[in-house]
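Single chain ahead, by itself, as structure tokens, in the form predicted on its own.
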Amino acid sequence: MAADAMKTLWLLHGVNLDMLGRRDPAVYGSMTLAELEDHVARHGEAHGFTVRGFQTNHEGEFVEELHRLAEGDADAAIVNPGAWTHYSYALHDALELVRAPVAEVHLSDVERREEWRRRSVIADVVDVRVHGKGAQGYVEALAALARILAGGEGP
């Protein structure tokens, strides 16, 4: 695909995801955040995406980044807000402003973990949800986003 035809996919990582590679590998895998972003970028190119990454441990900064996306700085986005997924209505409200398709991804299977992790307060404002598939979940999400942008169905 020609560079000028590439679409921009933002990969937004939330709280504690900078510690990938140090967190429990049985739950989160062994990739570091940099390795995960490289993995997604390689697969993103095959789907016509230039992938840009962002990570913060500060909820307000994550909201500000979503505001930038709402202003048109993305064709699509994958978000993994970490624990904010389960309680941050500020993220929910900011995601409502984003017009690009958005996928919520979690490395671990949040449906099989602690009860509090089973609730996503952003589920109703994202287009795709993938969890429990490790790094492959990000690849699945970007493929679904590519289908949405091509006018097809999501997942």
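Just so we're clear, the structure is a prediction, and the values are computed from it rather than from any experiment. When you see a residue number, it is the position in the sequence shown, counting from 1.
Same protein, other form: the form predicted in complex with a small molecule, not shown, and the subject of what follows.
- By the criterion of a heavy atom within 4.5 Å, residue 129 is excluded from the residues contacting the small molecule in the model of the complex.
- Contact annotation: residue 113 falls within 4.5 Å of the small molecule in the model of the complex, judged by heavy atom distances.
- A residue is said to contact a partner when one of its heavy atoms sits within 4.5 Å of a partner heavy atom; residue 47 fails this definition for the small molecule in the model of the complex, lying far away.
- Interface membership of residue 147, defined by any non-hydrogen atom within 4.5 Å of the small molecule in the model of the complex, is ruled out.
- Between the options 122, 107, 94, 40, the residue in contact with the small molecule in the model of the complex by a heavy atom within 4.5 angstroms is 107.
- Annotation: in the model of the complex, residues 8, 74 and 77 none come within 4.5 Å of the small molecule through any heavy atom.
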